[in-house]
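The data below hold one chain only, encoded as structure tokens and taken in the form predicted on its own.
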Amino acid sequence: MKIFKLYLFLVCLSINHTIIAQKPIEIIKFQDLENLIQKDDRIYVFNFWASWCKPCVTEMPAFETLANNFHLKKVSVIFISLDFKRDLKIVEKFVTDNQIKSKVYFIDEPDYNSWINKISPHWSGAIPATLISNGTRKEFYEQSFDYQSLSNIIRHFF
């Protein structure tokens, strides 16, 4: 009987953890993104990606590892999906299947040319792209990352 109760407890705990770990994808506009970028002195790593972009998908584990390793140093990773709005369910399934723990936003701005220069005048619009901001300092990268190069850049923000 004790083994059954322990098993039941562990099953409930794992179900509860799964529910907590899977955050809903919030649909935002560019103005919402601007507010996130200028939020506070915490270091935010905004990764612009799409589920169909192979380099984007390949680098996501590096960002997840960064978020896990630097969370005590006030570093937050935020994924900004640039998928088409009609593909929101695909993005939600991708996030669930790949157990993405970082916050994921879906930007609902079909005219990318109206806002990409506001992220960085150097951004051609290609992805993956990453903006790192701490409220007063911003750095933009239009490239793929591995964990080592990403963590080296983050260390310069401290």
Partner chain sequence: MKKQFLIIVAVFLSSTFGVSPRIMAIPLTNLPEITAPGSTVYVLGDAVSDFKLKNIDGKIMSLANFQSAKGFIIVFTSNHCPFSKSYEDRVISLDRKYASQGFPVITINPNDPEAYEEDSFANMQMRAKEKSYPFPYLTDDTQLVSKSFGAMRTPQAYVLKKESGKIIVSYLGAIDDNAQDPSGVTKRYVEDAVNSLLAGKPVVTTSTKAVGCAIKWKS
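Treat the numbers as computed from the prediction; the structure is a model and nothing was measured. Positions refer to the first chain, counted from 1.
Not on display, but discussed next: the form predicted in complex with its partner chain.
Not displayed here, its partner chain is approached by Trp123 to within 4.5 Å at the level of heavy atoms in the predicted complex. Not displayed here, its partner chain is kept clear of Gln31 by more than 4.5 Å at the level of heavy atoms in the predicted complex. Taking non-hydrogen atoms only, Asp97 approaches its partner chain to within 4.5 angstroms in the predicted complex. Residue contact check for Ile27: none of its heavy atoms lie within 4.5 Å of its partner chain in the predicted complex. With the partner left out here, its partner chain still marks one of 106 to 114, 66 to 74, 129 to 137, 39 to 47 in the predicted complex; by a 4.5 Å heavy atom cut-off that stretch is 106 to 114. Taking its partner chain as positioned in the predicted complex, the residues of 42 to 56 that bring a heavy atom within 4.5 Å of it are, in sequence order, Ser51, Trp52, Lys54, Pro55.
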